[in-house]
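Shown here is one chain on its own, the form predicted on its own, set out as structure tokens.
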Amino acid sequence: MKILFLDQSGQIGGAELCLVDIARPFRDNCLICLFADGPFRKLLEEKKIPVRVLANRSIRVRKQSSLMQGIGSIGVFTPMVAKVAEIAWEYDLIYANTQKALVIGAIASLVARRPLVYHLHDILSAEHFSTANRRLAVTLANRFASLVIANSKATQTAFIEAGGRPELTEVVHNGFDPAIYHIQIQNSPQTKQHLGLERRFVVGHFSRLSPWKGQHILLEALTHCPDEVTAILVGDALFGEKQYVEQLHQKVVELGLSKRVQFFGFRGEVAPLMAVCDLIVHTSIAPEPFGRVIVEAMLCGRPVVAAAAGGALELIESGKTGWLVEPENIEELADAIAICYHNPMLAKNIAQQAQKQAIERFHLAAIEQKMTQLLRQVIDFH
């Protein structure tokens, strides 16, 4: 089974980390084509996964772009389609991992006469996408894709509500190797001391720094928490969001949190820093498609508080495997942090239960097996 994977980004996000896990079992018979160069190419090379960058300039169409802006990028799309179609003749299947990859992969699949699989990592709603982009994604998926893999039931539901064909969809959650996270836990006390965080109650936030990820909500909640509660923000701006990063730094000063907040920037491996946290929070103000960070925190044996929307609702049973709070509700978030701070044994017990469930539900080996079966079915059908 030879697979041609397509991804639009040179940056490393959740969709790209998921793609690494999906492609790894096929690395002797696959190629990942990127539409932009960047750290993601280097990561794939480190993992010994074949990769090729197809363009020296990025496709400047965003999730909120209008139809006219999309038409203006045809000059970039057209030669890319030709390249992908030519390469696709050597493969059994085209696998589009992002929306721009879907646009190019759909046309290339028609030219090369190869089946197309679309992995949907986004919630196709007005909060995330323009009307034109939602219609484009659904139309192309309905017309050209043999299979649409949704990373959560929330993502699947949004696709269908936007007009997507239900019979095309299968839900496959992200997979994780529990051993990676277990190893890091053993080193957490030394790491915490090295970072100057001993005797502090550490709340971790792991995400790219972006308004919709809601780091500002955590900063506001800290002002309602005991002084011993410290936050670490792990992540950086990826898609032109530098202004928001500056606003976060200003907010830290304005709220008098300079000694209680640390910015750690982007980290390729988050487990070592997750292991030093007493609590990990997820504060997205719009529904999260899946919530990769939530599962990673669970595997690290750390309690989690998450915004009750999107994929997070499928990952956490509030009060049993974590806590769910209303998105953008500062007081509710602060209260949940206080529960963990004042009741460490309760938090520990809930974290242990969550860890057990996460290993059972999201083990990489099981996800790989399911993915392989689905892709084989698509190829055999054609």
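Computed from a prediction, not measured in an experiment: that's the story for all the values here. Residue indices: 1-based, along the sequence shown.
From this point on, the text means the form predicted together with alpha-D-glucopyranose (GLC), which you will not see here.
Screening 138 to 146, 287 to 295, 242 to 250, 302 to 310 for residues having heavy atoms within 4.5 Å of alpha-D-glucopyranose (GLC) in the predicted bound form returns a single hit, 287 to 295. Every residue of the trio His121, Asn151 and Arg208 has some heavy atom no more than 4.5 Å from alpha-D-glucopyranose (GLC) in the predicted bound form. Residue in contact with alpha-D-glucopyranose (GLC) in the predicted bound form (any heavy atom within 4.5 Å), chosen from Trp212, Tyr91, Phe201, Phe263: Trp212. Scanning Gln99, Thr230, Asn174, Thr283 against alpha-D-glucopyranose (GLC) in the predicted bound form with a 4.5 Å heavy atom cut-off leaves one residue, Asn174. Remark: Pro25 does not count among the residues lining alpha-D-glucopyranose (GLC) in the predicted bound form, judged by a heavy atom distance of 4.5 Å or less. Interface membership of Ala15, defined by any non-hydrogen atom within 4.5 Å of alpha-D-glucopyranose (GLC) in the predicted bound form, is confirmed.
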